[in-house]
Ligand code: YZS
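In the block that follows, a single chain appears as C-alpha coordinates, in the form predicted on its own.
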(Lines give C-alpha, C1' and ligand atoms only; values in the text may rest on other atoms or scores of the structure.)
Protein backbone atom coordinates (compact mmCIF):
# COMPACT_ATOMS: atom_id res chain seq x y z
CA UNK A 1 0.00 0.00 0.00
CA UNK A 2 1.44 3.40 -0.91
CA UNK A 3 2.12 5.67 2.04
CA UNK A 4 1.49 8.76 -0.07
CA UNK A 5 -1.44 9.31 -2.41
CA UNK A 6 -1.48 12.13 -4.95
CA UNK A 7 -3.82 13.52 -7.56
CA UNK A 8 -4.05 16.58 -9.79
CA UNK A 9 -7.33 18.29 -10.60
CA UNK A 10 -6.75 21.10 -13.07
CA UNK A 11 -3.88 23.04 -11.55
CA UNK A 12 -4.55 21.95 -7.94
CA UNK A 13 -2.56 19.01 -6.61
CA UNK A 14 -3.40 17.03 -3.49
CA UNK A 15 -0.83 14.98 -1.58
CA UNK A 16 -2.28 12.73 1.12
CA UNK A 17 -0.35 11.03 3.93
CA UNK A 18 -1.84 7.55 4.07
CA UNK A 19 -0.28 5.44 6.82
CA UNK A 20 -2.87 5.27 9.63
CA UNK A 21 -1.21 2.25 11.28
CA UNK A 22 1.72 4.47 12.27
CA UNK A 23 -0.15 7.77 12.61
CA UNK A 24 1.44 9.04 9.41
CA UNK A 25 4.87 9.05 11.06
CA UNK A 26 7.44 10.60 8.75
CA UNK A 27 9.48 7.50 8.05
CA UNK A 28 12.22 7.45 5.42
CA UNK A 29 9.85 5.54 3.13
CA UNK A 30 7.00 8.03 3.53
CA UNK A 31 9.31 10.96 2.92
CA UNK A 32 10.77 9.25 -0.16
CA UNK A 33 7.26 8.83 -1.56
CA UNK A 34 6.49 12.46 -0.67
CA UNK A 35 9.54 13.60 -2.65
CA UNK A 36 8.28 11.61 -5.63
CA UNK A 37 4.83 13.15 -5.32
CA UNK A 38 6.21 16.70 -5.17
CA UNK A 39 8.40 16.02 -8.20
CA UNK A 40 5.41 14.65 -10.09
CA UNK A 41 3.48 17.84 -9.27
CA UNK A 42 6.37 19.93 -10.60
CA UNK A 43 6.44 17.98 -13.87
CA UNK A 44 2.68 18.19 -14.29
CA UNK A 45 2.71 21.98 -13.75
CA UNK A 46 0.58 22.11 -10.58
CA UNK A 47 0.12 25.68 -9.42
CA UNK A 48 -0.79 24.92 -5.83
CA UNK A 49 -0.55 21.79 -3.65
CA UNK A 50 -2.73 20.76 -0.69
CA UNK A 51 -0.91 18.58 1.86
CA UNK A 52 -3.29 16.62 4.04
CA UNK A 53 -3.82 13.43 6.06
CA UNK A 54 -6.10 10.58 5.03
CA UNK A 55 -9.79 11.05 5.77
CA UNK A 56 -10.70 10.43 9.41
CA UNK A 57 -7.11 10.67 10.67
CA UNK A 58 -6.87 11.32 14.41
CA UNK A 59 -3.26 12.43 13.91
CA UNK A 60 -2.24 14.53 10.90
CA UNK A 61 1.26 13.19 11.40
CA UNK A 62 3.16 11.92 14.43
CA UNK A 63 6.36 13.54 13.18
CA UNK A 64 9.79 11.95 12.77
CA UNK A 65 9.60 8.15 13.02
CA UNK A 66 11.41 7.67 16.35
CA UNK A 67 12.28 4.10 15.40
CA UNK A 68 14.56 5.52 12.71
CA UNK A 69 16.39 8.08 14.86
CA UNK A 70 20.11 7.30 15.22
CA UNK A 71 21.58 6.12 18.49
CA UNK A 72 23.85 8.47 20.51
CA UNK A 73 26.84 9.93 18.71
CA UNK A 74 25.05 11.03 15.53
CA UNK A 75 23.09 14.20 14.86
CA UNK A 76 19.40 13.15 14.71
CA UNK A 77 18.51 16.13 12.50
CA UNK A 78 21.56 16.71 10.34
CA UNK A 79 21.54 18.49 7.00
CA UNK A 80 20.90 15.27 5.05
CA UNK A 81 18.27 13.80 7.36
CA UNK A 82 15.18 12.95 5.24
CA UNK A 83 12.92 15.15 7.39
CA UNK A 84 15.26 18.14 7.00
CA UNK A 85 15.49 17.49 3.26
CA UNK A 86 11.70 17.44 2.79
CA UNK A 87 11.45 20.75 4.64
CA UNK A 88 13.91 22.26 2.14
CA UNK A 89 11.94 20.72 -0.71
CA UNK A 90 8.71 22.39 0.42
CA UNK A 91 10.53 25.71 0.78
CA UNK A 92 12.01 25.46 -2.72
CA UNK A 93 8.89 24.33 -4.55
CA UNK A 94 7.80 27.07 -6.97
CA UNK A 95 4.12 26.63 -6.08
CA UNK A 96 2.48 27.34 -2.71
CA UNK A 97 1.75 24.41 -0.40
CA UNK A 98 -1.40 24.57 1.74
CA UNK A 99 -1.47 22.41 4.88
CA UNK A 100 -5.03 21.21 5.54
CA UNK A 101 -5.25 20.07 9.17
CA UNK A 102 -8.17 18.44 10.98
CA UNK A 103 -6.32 16.60 13.77
CA UNK A 104 -3.23 16.58 15.98
CA UNK A 105 0.24 17.44 14.68
CA UNK A 106 3.27 16.20 16.61
CA UNK A 107 6.99 16.85 16.65
CA UNK A 108 8.73 17.24 13.30
CA UNK A 109 5.35 17.25 11.57
CA UNK A 110 4.75 20.66 13.19
CA UNK A 111 7.86 21.80 11.34
CA UNK A 112 6.49 20.35 8.09
CA UNK A 113 3.21 22.18 8.64
CA UNK A 114 4.89 25.49 9.48
CA UNK A 115 7.12 25.15 6.42
CA UNK A 116 3.99 25.10 4.27
CA UNK A 117 2.93 28.49 2.93
CA UNK A 118 -0.63 28.57 4.25
CA UNK A 119 -2.20 26.56 7.10
CA UNK A 120 -5.93 25.93 7.35
CA UNK A 121 -7.25 24.04 10.35
CA UNK A 122 -10.32 23.10 12.34
CA UNK A 123 -11.03 23.12 16.09
CA UNK A 124 -9.60 19.57 16.21
CA UNK A 125 -6.18 20.79 15.08
CA UNK A 126 -3.50 21.06 17.75
CA UNK A 127 0.27 21.34 17.60
CA UNK A 128 2.75 19.69 19.97
CA UNK A 129 6.54 19.94 19.74
CA UNK A 130 7.85 16.79 21.40
CA UNK A 131 11.70 16.75 21.15
CA UNK A 132 12.13 17.45 24.87
CA UNK A 133 10.01 14.38 25.67
CA UNK A 134 12.52 12.09 23.96
CA UNK A 135 15.70 14.07 24.58
CA UNK A 136 16.25 15.30 21.02
CA UNK A 137 18.14 18.60 20.48
CA UNK A 138 16.17 20.35 17.75
CA UNK A 139 18.20 21.88 14.92
CA UNK A 140 18.83 25.65 14.53
CA UNK A 141 16.92 26.06 11.26
CA UNK A 142 13.81 24.57 12.85
CA UNK A 143 14.11 26.73 15.97
CA UNK A 144 14.49 29.83 13.81
CA UNK A 145 11.38 28.92 11.85
CA UNK A 146 9.30 28.67 15.02
CA UNK A 147 10.82 31.87 16.43
CA UNK A 148 10.01 33.80 13.24
CA UNK A 149 6.40 32.61 13.15
CA UNK A 150 5.47 32.44 16.85
CA UNK A 151 7.91 34.84 18.47
CA UNK A 152 10.67 33.66 20.76
CA UNK A 153 8.68 33.36 24.02
CA UNK A 154 5.85 31.32 22.52
CA UNK A 155 8.39 29.14 20.70
CA UNK A 156 10.22 28.54 23.99
CA UNK A 157 6.99 27.56 25.73
CA UNK A 158 6.07 25.18 22.92
CA UNK A 159 9.48 23.44 22.92
CA UNK A 160 10.12 23.46 26.68
CA UNK A 161 6.66 22.30 27.82
CA UNK A 162 5.95 19.83 24.99
CA UNK A 163 2.27 20.61 25.61
CA UNK A 164 -0.25 20.98 22.77
CA UNK A 165 -1.24 24.36 21.41
CA UNK A 166 -5.00 24.11 20.68
CA UNK A 167 -6.52 25.42 17.48
CA UNK A 168 -7.84 28.69 18.90
CA UNK A 169 -4.45 29.68 20.28
CA UNK A 170 -2.71 28.40 17.14
CA UNK A 171 -4.75 30.93 15.19
CA UNK A 172 -3.90 33.70 17.67
CA UNK A 173 -0.12 33.10 17.59
CA UNK A 174 0.05 32.85 13.83
CA UNK A 175 0.36 29.12 13.19
CA UNK A 176 -3.00 28.88 11.44
CA UNK A 177 -4.02 31.31 8.71
CA UNK A 178 -7.65 30.23 9.01
CA UNK A 179 -9.68 28.31 11.59
CA UNK A 180 -12.87 26.83 10.12
CA UNK A 181 -15.48 24.24 11.18
CA UNK A 182 -14.59 20.64 10.32
CA UNK A 183 -17.48 20.27 7.91
CA UNK A 184 -16.29 23.31 5.95
CA UNK A 185 -12.57 22.47 5.84
CA UNK A 186 -12.40 20.76 2.46
CA UNK A 187 -14.61 23.31 0.70
CA UNK A 188 -12.74 26.25 2.24
CA UNK A 189 -9.34 24.77 1.35
CA UNK A 190 -10.47 23.90 -2.17
CA UNK A 191 -11.74 27.43 -2.70
CA UNK A 192 -8.44 28.91 -1.47
CA UNK A 193 -6.45 26.59 -3.74
CA UNK A 194 -8.60 27.40 -6.76
CA UNK A 195 -8.19 31.14 -6.20
CA UNK A 196 -4.41 30.75 -6.01
CA UNK A 197 -4.33 28.55 -9.12
CA UNK A 198 -5.99 31.29 -11.18
CA UNK A 199 -3.19 33.76 -10.44
CA UNK A 200 0.13 34.08 -12.28
CA UNK A 201 2.33 31.05 -11.43
CA UNK A 202 5.48 32.98 -12.45
CA UNK A 203 4.59 35.87 -10.15
CA UNK A 204 3.82 33.53 -7.26
CA UNK A 205 7.01 31.49 -7.78
CA UNK A 206 9.12 34.67 -7.76
CA UNK A 207 7.43 35.97 -4.61
CA UNK A 208 7.68 32.63 -2.81
CA UNK A 209 11.42 32.46 -3.49
CA UNK A 210 11.77 36.11 -2.45
CA UNK A 211 10.00 35.40 0.84
CA UNK A 212 12.42 32.50 1.42
CA UNK A 213 15.50 34.60 0.70
CA UNK A 214 14.31 37.56 2.76
CA UNK A 215 13.50 35.26 5.66
CA UNK A 216 17.14 34.13 5.62
CA UNK A 217 18.55 37.64 5.30
CA UNK A 218 20.25 37.63 8.73
CA UNK A 219 22.56 34.58 8.78
CA UNK A 220 24.21 33.36 11.97
CA UNK A 221 27.92 34.14 12.28
CA UNK A 222 30.09 30.99 12.05
CA UNK A 223 31.14 31.03 15.72
CA UNK A 224 27.51 31.18 16.88
CA UNK A 225 26.52 28.29 14.62
CA UNK A 226 29.46 26.26 15.96
CA UNK A 227 28.34 27.05 19.51
CA UNK A 228 24.80 25.85 18.78
CA UNK A 229 26.11 22.67 17.15
CA UNK A 230 28.29 22.05 20.20
CA UNK A 231 25.27 22.39 22.48
CA UNK A 232 23.28 19.96 20.35
CA UNK A 233 26.17 17.46 20.16
CA UNK A 234 26.30 17.32 23.96
CA UNK A 235 22.64 16.26 23.92
CA UNK A 236 22.72 13.62 21.20
CA UNK A 237 25.86 12.09 22.74
CA UNK A 238 24.12 11.81 26.13
CA UNK A 239 22.51 9.02 28.12
CA UNK A 240 19.29 11.08 28.18
CA UNK A 241 19.07 10.92 24.38
CA UNK A 242 19.51 7.14 24.51
CA UNK A 243 16.92 6.92 27.31
CA UNK A 244 14.42 9.06 25.38
CA UNK A 245 14.48 6.78 22.35
CA UNK A 246 14.55 3.59 24.42
CA UNK A 247 11.59 4.67 26.57
CA UNK A 248 9.58 5.51 23.46
CA UNK A 249 10.26 2.10 21.94
CA UNK A 250 9.40 0.41 25.25
CA UNK A 251 6.25 2.56 25.64
CA UNK A 252 7.10 3.84 29.10
CA UNK A 253 7.75 7.31 30.58
CA UNK A 254 11.39 8.38 30.21
CA UNK A 255 13.60 8.86 33.26
CA UNK A 256 15.97 11.71 32.44
CA UNK A 257 18.98 12.34 34.71
CA UNK A 258 20.57 15.27 32.88
CA UNK A 259 23.66 13.36 31.72
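Numbering follows the first chain given and starts at 1. Computed from a prediction, not measured in an experiment: that's the story for all the values here.
What comes next is about the form predicted together with the ligand, which does not appear here.
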ask   = Based on heavy atom distances of at most 4.5 Å to the ligand in the predicted bound form, which listed stretch, 89 to 97, 102 to 110, 178 to 186, 115 to 123, is the contact stretch?
value = 102 to 110
request  = Determine whether any heavy atom of residue 45 comes within 4.5 Å of a heavy atom of the ligand in the predicted bound form, and answer yes or no.
outcome  = no
query = Heavy atoms within 4.5 Å of the ligand in the predicted bound form: does residue 155 have any?
reply = no
query = Is residue 33 close enough to touch the ligand in the predicted bound form, meaning at least one heavy atom pair within 4.5 Å?
reply = no
query = Taking heavy atoms only, is residue 136 within 4.5 angstroms of the ligand in the predicted bound form?
reply = yes
message = With the distance limit set at 4.5 angstroms and only heavy atoms considered, check whether 51, 145 and 212 all reach the ligand in the predicted bound form.
response = no
ask   = Of 64 to 89, which residues get within 4.5 Å of the ligand in the predicted bound form if you count heavy atoms?
value = 64, 65, 66, 67, 69, 77
